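Only one chain is given next, in structure tokens, and it is the form predicted on its own.
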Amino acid sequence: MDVLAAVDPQGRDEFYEPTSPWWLSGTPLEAEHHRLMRRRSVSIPWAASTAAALTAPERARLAGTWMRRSEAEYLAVSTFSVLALDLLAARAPADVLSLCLRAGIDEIRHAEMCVRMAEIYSGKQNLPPFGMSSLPDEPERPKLHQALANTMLVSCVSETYATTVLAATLELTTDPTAHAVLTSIYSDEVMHARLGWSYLRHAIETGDAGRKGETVIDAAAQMLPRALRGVANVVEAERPVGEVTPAVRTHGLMTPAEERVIFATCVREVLVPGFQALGVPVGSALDDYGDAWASAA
């Protein structure tokens, strides 16, 4: 899977319209917010949705899915905010810091688009469920090791898997609105994944041994099974009630069983080779998330 291929994340949507104007402050800040939100790779044809052709249960299934996606995107805003603090403490390079902070802004855009999609299917204007994510915190560790471990969790593993599942979902999505939204999110997620792999390489090349002689490679190897388990937990989670009909699939939704196969493939073809190329031991990753795990649903 060439999921990290060149994707232009710098595109500008010259036909931008406020995505969810009801989720704004009503202050002059709105104008600057719109300037930040305009940076996306494709324009979104909101009026082109074919949702009206779906049955009520199909629309309810899709509304539930897009609300769950909005929750994940909203949580990712705090995830990248916390990660930025770790990177600052580790004296990360300026380009790493700027891309991490930009990723948080990207996630706000994603959350806006997801709640707009949920509105299209449900007819209701709901905010994403509010909450904050947390990252592992071990104050006694060297700051570089702490930043590296959480960058692996957030970016190398989670965001790389996001690119693979989005790429696969786009292949079956024919609804023009859903396809454009997923494409826009995908183009950002590619850069979010690159952030992690780039910082991992930088940390390996510049890092020193920490407590008890622990190296950067050691810190990365210790985090890898935790990071893989974290994503696997998301893949294994229960889904909103409703059948994934052929019509629902064309609006950007696949079955949990398909997602398990995609994650297993991502581990085998992308994550494990990537970490091995950088000298990071992968332990039992291939056995833990191989064919037996993929078919266990």
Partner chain sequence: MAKHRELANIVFATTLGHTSASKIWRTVVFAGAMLVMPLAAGCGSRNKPAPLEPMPVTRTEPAPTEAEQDAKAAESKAAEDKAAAEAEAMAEQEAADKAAADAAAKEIAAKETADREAAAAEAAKKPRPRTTKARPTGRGFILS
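Quick caveat, the model's predicted, so the values are computed rather than measured. Residue numbers count along the first chain shown, from 1.
The same protein also exists as the form predicted together with its partner chain; that form is not shown, yet it is the one meant from here on.
Q: Using a 4.5 Å heavy atom cut-off, state whether Thr164 contacts its partner chain in the model of the complex.
A: It does: once its partner chain is placed as it appears in the model of the complex, Thr164 has a heavy atom within 4.5 Å of it.
Q: Using a 4.5 angstroms cut-off on non-hydrogen atoms, would Ala103 count as touching its partner chain in the model of the complex?
A: Judged by the heavy-atom cut-off of 4.5 Å, Ala103 is well away from its partner chain in the model of the complex.
Q: Answer for Leu97 alone: is it within 4.5 Å of its partner chain in the model of the complex, judged on heavy atom distances?
A: No, Leu97 sits far enough from its partner chain in the model of the complex that none of its heavy atoms falls within 4.5 Å.
Q: Is Pro142 one of the residues lying within 4.5 Å of its partner chain in the model of the complex, judged by heavy atom distances?
A: Close contact is absent here: in the model of the complex, Pro142 is far from its partner chain, nothing within 4.5 Å, heavy atoms only.
Q: Taking its partner chain in the model of the complex as the reference, which of Ala90, Val190, Ala180, Val216 has a non-hydrogen atom within 4.5 Å?
A: Of the listed residues, the single hit is Val190.
Q: Which residue among Ala60, Met37, Ala51, Val261 has a heavy atom within 4.5 angstroms of its partner chain in the model of the complex?
A: Checked against the cut-off, the match is Val261.
Q: Looking at its partner chain in the model of the complex, which residues in 224-253 have at least one heavy atom within 4.5 Å of it?
A: The stretch touches the partner through Arg226, Gly230, Val231, Asn233, Val234, Arg239, Pro240, Glu243, Val244, Pro246, Arg249, Gly252, Leu253.
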